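Taking the form predicted alone, here's one chain by itself in structure tokens.
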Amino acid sequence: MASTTITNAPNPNRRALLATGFALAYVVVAVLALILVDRNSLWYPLYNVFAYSMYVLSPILIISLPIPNPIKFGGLAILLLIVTPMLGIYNNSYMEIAVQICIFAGLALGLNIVVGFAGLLDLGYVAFFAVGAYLWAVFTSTSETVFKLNGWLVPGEMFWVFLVIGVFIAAFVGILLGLPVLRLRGDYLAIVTLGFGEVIRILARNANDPINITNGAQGLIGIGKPPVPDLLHGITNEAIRIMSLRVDNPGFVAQQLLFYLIAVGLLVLIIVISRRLEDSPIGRAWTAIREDEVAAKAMGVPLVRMKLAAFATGASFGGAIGVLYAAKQAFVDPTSFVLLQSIIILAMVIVGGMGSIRGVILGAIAMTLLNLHVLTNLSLQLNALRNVNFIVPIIDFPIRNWPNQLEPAKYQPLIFGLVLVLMMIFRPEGLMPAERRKLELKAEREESAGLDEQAAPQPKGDA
């Protein structure tokens, strides 16, 4: 008599349908929460913290859910290329934060090549970001530099050419950094790369005498921007008309939309390159170096070439993002590239999960939101409550008496530090770690536990 087996395994099609429905409902709720809120409400800043954070995390949610790839990528395309630009036109601050998230996500992915894939601790990564930014800035700035005085400035149309040039120049600088540190590892490597980042910043600050190249500590102003295509102007004006918005400067909105599209395009390209490198022979060589450099060398991995390739690849990402950053900000100075920036980018990699592409993007989203959105809006909420002399119920505390020195926006480094401490204690592998990284940490914990058991004193037997 044939036996029948009854399984309770969930139907994959049903799971995919439920996941798709959940993702769609999540995005719709987040979008409605952003457009239906009263901006004149007393509690708008606090409400905005939750509503926009909920929306910004939607791409990570879509990627993580078991949705069929065609639907997943189609949904992401609609979200990033239609919904987000419309929200950005509706409220320009949303567009600004979205561009900054793309910029820092690209930088974090570049550092992830060096730190996460190859295991080389780099505390001077912001130097490559500075190289790309100053490359575009010196050739387009209206400051009285040697480039302007000699008529060497280039038009905004050259932005696309300099985007490519920035990749190669930054990669070359990355190789220059890699050559002296090939024999270093750990703390020594971190110290040397930290010094390299400071050298680039100091060069930018002092390269104004005897020949004014960077305009020194005053920085470069009036940096050129890429021209906005007529099609984008038309789309922006039509979107403003459909939403019945009153916009005083639609040209500025179109320019911001162009930067957003460039930033998304660069980020997608960086993700694709990182993903292909991760599964390539080069990526496996980087993993071998990260896990055990001596064993990798014994197995025939060319350490010199692989380390230089890691520095050059990570630097090239930073150079391209730097060109975009300079064009968007229209002003750069040495204070934009201090050590704290490198630490913030490294924190994004650690919080998200070293070696994990999705995790690093999540870390960049979380840290950028915390810095530019959450803390800023909490400070705005405090100021709004002060203006109406709000009294906290139960404890009868007037918000007006809250010290200005304790505004959340002023404590960004402290909060970043607390976040890192908590991550190291409760989730050292990161929010969304790579599978290989999880296995490595698990093996290290098991090995440490085994050593502790061996070191523990053994009970003496009966005489």
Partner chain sequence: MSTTATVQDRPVAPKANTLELVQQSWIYRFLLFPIGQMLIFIAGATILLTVIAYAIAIAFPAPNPNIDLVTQINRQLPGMIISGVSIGFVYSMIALGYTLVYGVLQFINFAHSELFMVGSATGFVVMKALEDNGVLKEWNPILMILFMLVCAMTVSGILAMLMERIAYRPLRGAPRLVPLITAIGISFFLIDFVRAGFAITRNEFNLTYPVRSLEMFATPVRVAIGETTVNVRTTSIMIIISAVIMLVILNYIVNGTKLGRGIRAVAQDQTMSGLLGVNVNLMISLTFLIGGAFGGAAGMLFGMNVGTITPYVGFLPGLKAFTAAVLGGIGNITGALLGGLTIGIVEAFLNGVLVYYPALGQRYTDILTFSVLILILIFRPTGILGKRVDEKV
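This one's a predicted model, so the numbers in the text were calculated from it and none came from an experiment. Numbering follows the first chain given and starts at 1.
Note that the form predicted in complex with its partner chain isn't included here; everything after this is about it.
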query: Its partner chain in the predicted bound form reached by all of P66, I273 and R276, non-hydrogen atom within 4.5 Å; finding: no
query: 4.5 Å heavy atom contact, E144 and its partner chain in the predicted bound form; finding: no
query: Non-hydrogen atom contact N401 with its partner chain in the predicted bound form at 4.5 angstroms; finding: no
query: L61 within 4.5 Å of its partner chain in the predicted bound form, heavy atoms; finding: no
query: R305: touches its partner chain in the predicted bound form, heavy atom cutoff 4.5 angstroms; finding: no
query: Stretch in contact, per heavy atom within 4.5 angstroms of its partner chain in the predicted bound form, of 22 to 30, 66 to 74, 402 to 410, 52 to 60; finding: 402 to 410
query: Selected contact from V154, L370, A190, I282, since only one has a non-hydrogen atom within 4.5 angstroms of its partner chain in the predicted bound form; finding: A190
query: The single option of P393, G234, G300, G195 touching its partner chain in the predicted bound form, heavy atom within 4.5 Å; finding: G195
query: Members of 114 to 137 lying within 4.5 angstroms of its partner chain, judged by heavy atom, in the predicted bound form; finding: G119, L121, L123
